[in-house]
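Shown below, as structure tokens, is a lone chain in the form predicted on its own; questions about how it binds or moves come after it.
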Amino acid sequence: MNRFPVRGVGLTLVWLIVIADLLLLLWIFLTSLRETGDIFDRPFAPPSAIELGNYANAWTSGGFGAAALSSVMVSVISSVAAVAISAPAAYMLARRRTKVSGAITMSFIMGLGVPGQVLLVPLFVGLAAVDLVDSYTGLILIYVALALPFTVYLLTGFFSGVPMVLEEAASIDGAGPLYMFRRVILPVARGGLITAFLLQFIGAWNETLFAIAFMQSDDKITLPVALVNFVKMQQLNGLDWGTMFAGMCIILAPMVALFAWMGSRIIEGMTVGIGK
């Protein structure tokens, strides 16, 4: 079969999906600038009047301001911790090709297939026993634990691609293992570390299930939970669609900016790291 028509069909489908996604994001943004009545009268029309007050309402009455700070703190700390723990583990697994290291690597790969839902009850019981439910520390520990299998797997591919000659040269110059890892290996694998951090940050930023189950105080909820609570509140008081879409834009804006800025690095990092 001729490859070119197949490639052409594939590219056409990809561009159609991209255009549909961009149109959806544009519609969400335009809807966030409209009143509820205007949205129902003309769902897909441009706004007849710009309602910037929707964002002020979402930020204050919807609790998105405090939730944004909680999301930033939890996402950054859990991402840094996951990469800091995974990097030395992945480096050792990449360099020590033994049966034990192979079994450990396989256990991390098997961890990728465990759905988070089945861990919900055991984690809740365990964290309740040490009084970490409804605390940032407990939620960060969960995010770090959930990120370890994929982060170790991804970074193992990067460290496998680092030439051994660099370590041999550093060893000849008298560098110890710790100094060599910090000053030689980590700078070379910087692209993989940044990719792992960004992927974990995106996952923690968008995570909802564990945040709903473990964070019960209104002043500690994250952005996805704030949106869920806002929708529940509006169902009782009369749904304000413009403010709800403004809340969605507050959640989406950092992710869109992140992909626009670092999208090529994320894709390159995933293909290079997983492909090795």
Partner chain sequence: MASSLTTRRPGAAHAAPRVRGRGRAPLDRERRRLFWPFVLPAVLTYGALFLAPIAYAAWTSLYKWDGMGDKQWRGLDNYRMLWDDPTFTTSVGNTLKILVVGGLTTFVLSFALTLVLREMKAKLFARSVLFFPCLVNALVFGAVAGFVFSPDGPVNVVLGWAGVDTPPKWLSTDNIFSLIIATTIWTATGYYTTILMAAVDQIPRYLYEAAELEGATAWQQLRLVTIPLAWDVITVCAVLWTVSSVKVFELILLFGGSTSGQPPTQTWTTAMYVYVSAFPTGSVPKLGLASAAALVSLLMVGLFTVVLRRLMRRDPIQY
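Remember, it's a predicted structure, so these values are computed and weren't measured experimentally. Positions refer to the first chain, counted from 1. Here the rigid core means the biggest group of C-alpha atoms that line up within 1.5 Å when the two forms are laid on top of each other.
One more form of this protein should be noted, the form predicted in complex with its partner chain, which is absent from this view; the next part is about it.
Q: Under a 4.5 angstroms heavy atom criterion, identify the one residue in 74, 93, 189, 184 near its partner chain in the model of the complex.
A: Contact residue from the list: 93.
Q: Using the partner position in the model of the complex, report whether residue 145 sits within 4.5 Å of its partner chain, counting heavy atoms only.
A: Yes - in the model of the complex, heavy atoms of residue 145 and its partner chain come within 4.5 Å of each other.
Q: Decide whether residue 61 counts as a contact residue for its partner chain in the model of the complex under a heavy atom distance cut-off of 4.5 Å.
A: Although its partner chain is absent here, residue 61 would stay clear of it in the model of the complex, with no heavy atoms inside 4.5 Å.
Q: Can you tell me if residue 167 lies within 4.5 angstroms of its partner chain in the model of the complex, counting non-hydrogen atoms only?
A: Within the cut-off, so yes.
Q: Looking at the partner-bound form in the model of the complex, is residue 56 within 4.5 Å of its partner chain by any heavy atom?
A: So residue 56 does not count as contacting its partner chain.
Q: Considering only 150-171, what residues come within 4.5 Å of its partner chain in the model of the complex, judged by heavy atoms?
A: Stretch hits, in order: 153, 156, 157, 160, 161, 164, 167, 168, 171.
Q: Taking the rigid core as the superposition reference, indicate whether the CA of residue 20 shifts 2 angstroms or more between this form and the one not shown.
A: Shift of 2 Å or more: yes.
Q: Is residue 257 one of the residues whose Cα moves 2 Å or more between this form and the one not shown, with the core superposed?
A: It does not, since the residue 257 C-alpha is displaced less than 2 Å between this form and the one not shown after the core fit.
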